[in-house]
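Before any questions on binding or motion, here is one chain by itself as structure tokens, the form predicted on its own.
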Amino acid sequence: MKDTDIKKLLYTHLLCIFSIILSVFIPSFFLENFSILETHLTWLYICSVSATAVNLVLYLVMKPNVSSKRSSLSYKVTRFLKCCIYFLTSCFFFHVIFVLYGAPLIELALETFSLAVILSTFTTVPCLCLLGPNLKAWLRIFSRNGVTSVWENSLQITTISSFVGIWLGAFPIPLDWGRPWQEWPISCTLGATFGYVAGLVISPLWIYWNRKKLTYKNN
């Protein structure tokens, strides 16, 4: 494992975190009465677009998984369309999961789907950027000892931390505190966001700390 790979990973993650921070402050200059709580869905979609755009650009620049095969334009278009389908499928899948776990079925359906969108942004989008629409590669990464690079190791950590964050974010909802951030799905959204950011911070540090112990199959 090269230290340069870890540095690239760290810089990439710092830019991803910066995109989340920008989504909190920049819209207030253009949108009246903008705030995370009062205009939560607006912020949610701005954050989703910002994080997705930064992920796409960074992975195109860094090219952590460079294919030796030349691909035609039709292949690239097909691959892009597949990625869009995977992302939408992920959103609907998470929406169904949230409903099964107690989210309103009809009432607040937009809010529930929006939560699914932000969770897909933090989990599915990085998978698509790094691996493309390849379910076998996804399953390989999230199986035991299935990673082949620091990027895949990081993907494991950020994905798991996003899920843990949204799970922890659900705990305050039923409590009788009467806080505005307890409304559905604000605490879950914030939990997923903090979990994602925590994963971005922790993963390069953890990989660097354990770099002598970590071995990858392609090394």
Partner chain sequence: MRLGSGTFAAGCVVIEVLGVALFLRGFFPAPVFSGTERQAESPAPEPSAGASSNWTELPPPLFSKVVIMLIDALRDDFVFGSKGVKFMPYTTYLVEKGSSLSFVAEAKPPTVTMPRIKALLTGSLPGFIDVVRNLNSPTLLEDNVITRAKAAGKRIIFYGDETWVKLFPKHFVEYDGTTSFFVSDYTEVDNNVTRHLDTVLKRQDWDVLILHYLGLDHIGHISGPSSPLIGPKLSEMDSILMKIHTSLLSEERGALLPSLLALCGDHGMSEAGGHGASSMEEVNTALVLISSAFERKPGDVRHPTHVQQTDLAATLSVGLGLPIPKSNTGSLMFRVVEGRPVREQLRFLHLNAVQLSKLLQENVPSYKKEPGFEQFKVSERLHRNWVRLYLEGSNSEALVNLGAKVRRQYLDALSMLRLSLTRRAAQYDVYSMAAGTVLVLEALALLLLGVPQALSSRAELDVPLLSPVSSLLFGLLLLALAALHVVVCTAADSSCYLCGLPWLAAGGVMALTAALLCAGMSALTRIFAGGQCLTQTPPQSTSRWSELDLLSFLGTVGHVLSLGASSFIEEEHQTWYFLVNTLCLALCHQIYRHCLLGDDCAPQRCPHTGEEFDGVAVALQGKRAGPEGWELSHAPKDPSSLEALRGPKRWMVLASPWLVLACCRLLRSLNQTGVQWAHRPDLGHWLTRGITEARFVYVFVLGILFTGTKDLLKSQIIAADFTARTVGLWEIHSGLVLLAALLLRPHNLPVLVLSLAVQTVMTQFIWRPLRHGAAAVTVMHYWFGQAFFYFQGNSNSIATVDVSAGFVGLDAYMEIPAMFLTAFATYSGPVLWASHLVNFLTSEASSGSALRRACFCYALVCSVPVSVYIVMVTSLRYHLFIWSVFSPKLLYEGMHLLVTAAVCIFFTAMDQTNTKS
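In this text, all values refer to a predicted model and were calculated from it rather than measured experimentally. Positions refer to the first chain, counted from 1.
There is also a form predicted together with its partner chain; it is not shown, and the following applies to it.
Participant: Have a look at 166-174, 29-37, 51-59, 147-155 and name the one stretch with heavy atoms inside 4.5 Å of its partner chain in the model of the complex.
Facilitator: Careful reading of the contacts points to 166-174.
Participant: Indicate whether residue 103 is a 4.5 Å heavy atom neighbour of its partner chain in the model of the complex.
Facilitator: Result yes; residue 103 sits at the interface with its partner chain in the model of the complex.
Participant: Evaluate residue 131 for contact with its partner chain in the model of the complex, applying a 4.5 angstroms cut-off between non-hydrogen atoms, and reply yes or no.
Facilitator: Contact with its partner chain, no.
Participant: State yes or no: in the model of the complex, is some non-hydrogen atom of residue 139 no more than 4.5 angstroms from a non-hydrogen atom of its partner chain?
Facilitator: Heavy-atom contact with its partner chain at 4.5 Å: present for residue 139.
Participant: Can you work out whether residue 143 and its partner chain are in contact in the model of the complex, taking contact to mean some heavy atom pair no more than 4.5 Å apart?
Facilitator: Residue-level check for residue 143: yes, a contact with its partner chain.
Participant: Of 97, 88, 81, 109, which residue is found within 4.5 angstroms of its partner chain in the model of the complex when only non-hydrogen atoms are counted?
Facilitator: Contact check passes for 97.
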